[in-house]
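A lone chain, given as structure tokens: the form predicted alone.
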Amino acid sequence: MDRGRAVLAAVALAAALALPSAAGPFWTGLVTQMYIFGLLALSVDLLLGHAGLFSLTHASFFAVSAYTVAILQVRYAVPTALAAPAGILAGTLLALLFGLAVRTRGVYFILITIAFGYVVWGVAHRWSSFTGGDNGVTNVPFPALGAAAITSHTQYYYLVLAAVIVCGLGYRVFMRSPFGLGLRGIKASESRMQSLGFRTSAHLYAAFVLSGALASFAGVLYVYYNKFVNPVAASFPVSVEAALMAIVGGTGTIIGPFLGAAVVLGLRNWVSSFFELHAAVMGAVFIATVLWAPQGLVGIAGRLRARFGKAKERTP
């Protein structure tokens, strides 16, 4: 099984490296967005898939980090080496504040995170003298570190690909650590983990902050790709789409949120070209996933692999 996964990973990496030269600028740009929003979905899934917390405020961290980078670079000419870490720090600091929501559970947690998200969206929308209002902040340059500068979307594609690979490997190690195992234990039975001596609220708070930091990193990658940021990045639909990506792809996995991002963004680009109510299609996809594929695309692939294995064993 490990050998098969290694071969599959090698093939996927080779395809990703060859994409810009084989598919052209449109598909390169679309896949770059899939990587970025896949990271955002992965940050949501850190809570949803491993801790059982359904957060709908991650667009806030995503947008605050993007705004921080854009304002620093466009208005104050701060270099990338300082602006990008400042963006991640700003989003993480906001997660430190919003992480107080882990004192609640269930629908109350969901409602509080929605309220937090609307606060950030309202500030981005109304404080036009600082955020630019609906016009946002434009003309964000490509990242540059001294003489090493990104000059094209193709180069930026490879930068985002490298960032996704590093984040994915780090996420895998993190979730196999005692901290990650503790999160899954809390999801399974918080009362039992408390009886074992775990401070579950502190554990969940740390997970929330780390999740916000990952969402902030996705926001930094987004603003450099998109070249501008406006209040849409902080809006409720972005948080919903990130959760939808995680659910469609398969929660509790690494590849699932990226598969979900590919499905959601691919469908949105395709359906919106001929159907005005494309959001209804996204809703139908979510309903179908919850009813018939609650484990997402990864779960479907696992069931098919299991059936294939059993059929192979029965074959004389």
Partner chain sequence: MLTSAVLQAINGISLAALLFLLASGFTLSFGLMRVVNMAHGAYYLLGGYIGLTIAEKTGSFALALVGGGAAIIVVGYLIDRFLIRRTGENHLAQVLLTVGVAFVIGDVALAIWGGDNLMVPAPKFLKGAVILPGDVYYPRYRFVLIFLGVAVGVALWLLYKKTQLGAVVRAGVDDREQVNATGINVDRLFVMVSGLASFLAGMAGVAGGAFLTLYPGAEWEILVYALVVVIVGGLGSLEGAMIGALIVGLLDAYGRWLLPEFSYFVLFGPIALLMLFRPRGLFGREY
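Positions refer to the first chain, counted from 1. Treat the numbers as computed from the prediction; the structure is a model and nothing was measured.
Below, we turn to the form predicted together with its partner chain, even though it does not appear here.
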| item | value |
| --- | --- |
| Contact segment among 142-150, 80-88, 161-169, 239-247, judged by heavy atoms lying within 4.5 Å of its partner chain in the predicted bound form | 239-247 |
| Option touching its partner chain, based on a heavy atom within 4.5 Å in the predicted bound form, out of Y224, Y157, F217, F98 | F98 |
| Candidate from A206, I110, V232, L93 lying within 4.5 Å of its partner chain in the predicted bound form - any heavy atom | I110 |
| All of L8, W270 and R307 within 4.5 Å of its partner chain in the predicted bound form, heavy atom check | no |
| Close approach of R103 to its partner chain in the predicted bound form, 4.5 Å, heavy atom | yes |
| Non-hydrogen atom contact V74 with its partner chain in the predicted bound form at 4.5 angstroms | no |
| Contact of L30 with its partner chain in the predicted bound form (heavy atom, 4.5 Å) | no |
| Any non-hydrogen atom of I114 within 4.5 angstroms of its partner chain in the predicted bound form | yes |
| Residues in 111-134 close to its partner chain in the predicted bound form, defined by a heavy atom within 4.5 Å, in order | L111, I112, I114, A115, F116, Y118, V119, W121, G122, V123, R126, W127, S128, S129 |
